[in-house]
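Okay, here we've got a single chain as structure tokens, the form predicted on its own, with questions on binding and movement later.
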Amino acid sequence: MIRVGIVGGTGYTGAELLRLLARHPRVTLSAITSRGEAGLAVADLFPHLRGRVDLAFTEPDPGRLGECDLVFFATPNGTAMKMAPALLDRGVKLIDLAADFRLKDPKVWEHWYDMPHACPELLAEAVYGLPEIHREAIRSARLIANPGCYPTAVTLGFLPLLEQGLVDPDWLVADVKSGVSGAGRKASVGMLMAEVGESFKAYGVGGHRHQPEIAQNLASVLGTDLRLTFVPHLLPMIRGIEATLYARLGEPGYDLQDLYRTRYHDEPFVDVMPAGACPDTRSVRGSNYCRIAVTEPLGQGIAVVQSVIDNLVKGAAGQAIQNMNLMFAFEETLALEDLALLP
């Protein structure tokens, strides 16, 4: 058994971590922090955890967190980097579900997140926690930068094409849609039902902070710079991300179905759909799966990839637990094999 703490347990990501970890046979939940809800029983805030989680929220005490084997940070950007050095010095392994350690260049971080990085010396050490690319590095890591939800869907969708050098790196387009839970649990007029219901819009068209994360991932696979157009959209649904990706093929007529099926054959949480199928977000709702379909419409030299995930599971908490399982030599799929919810 390992002792696990969660810093920031009251948001949607924290709640999802609790839901999944409460059923993990190798985990003991030792601390769940919240400055605003300290003293409140977890089950009083999240009734769905009654009988499964008997802890109360506490202030983020470094001493108590330092007794854990692993600490998850389900906190706003800029929080984990302030606490990470001290916890690492005490031998605690860390998984940050925010963006503090995702970007390797501190100047890029400062540009997109409007704050100086508190511990840039850790950026080179942090392992980007996408198991489908960095599985072996994750096994030996002590600090994991858990990927963002948009970058997970987009990277997994483009990955086989870029690994084989089949597409023009100067012409990549990611048209991506997300449910409102991706914006977090904070109160916001823009997230009210009357604002998002029966509507659909793009946002961050002029530049979104997940764009440099996606570009960094794809460039590391390709080994060179690339040009990516990334446009996120907000959908009037709670969970889910659908990424429709476009890339110009250098060799039209390539067997893309076989390429994707071969690349992901041994990946426990990537499901390549049969030719002609189109995955929908409800097919992954509540699960840690990424479902992918690929085609070349009309044989005209453009690859179209569809990639769907649950933004709170494979896009956040589930992937974090997948990383934890690898770090502690547990079965990678432990506590993550639930099927999607339907309807």
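Quick note: we count residues from 1 along the sequence shown, nothing fancier. None of these values were measured; they are calculated from a predicted model.
The form predicted together with another copy of the chain is left out here; the points below concern that form.
- Judged against another copy of the chain in the predicted bound form with a 4.5 angstroms heavy atom cut-off, the residues A38, N77 and I133 are out of contact without exception.
- In the predicted bound form, another copy of the chain sits beyond 4.5 Å of every heavy atom of N217.
- At the 4.5 Å threshold, heavy atoms of R248 reach another copy of the chain in the predicted bound form.
- Looking at L49, you'd find a heavy atom of it within 4.5 angstroms of another copy of the chain in the predicted bound form.
- By the criterion of a heavy atom within 4.5 Å, V42 is excluded from the residues contacting another copy of the chain in the predicted bound form.
- With another copy of the chain left out of view, the stretch that reaches within 4.5 Å of it through heavy atoms in the predicted bound form is, among 84 to 92, 240 to 248, 150 to 158, 118 to 126, 240 to 248.
- Using a 4.5 Å cut-off on any heavy atom, the residues of 2 to 17 that reach another copy of the chain in the predicted bound form are, in sequence order, Y12, E16.
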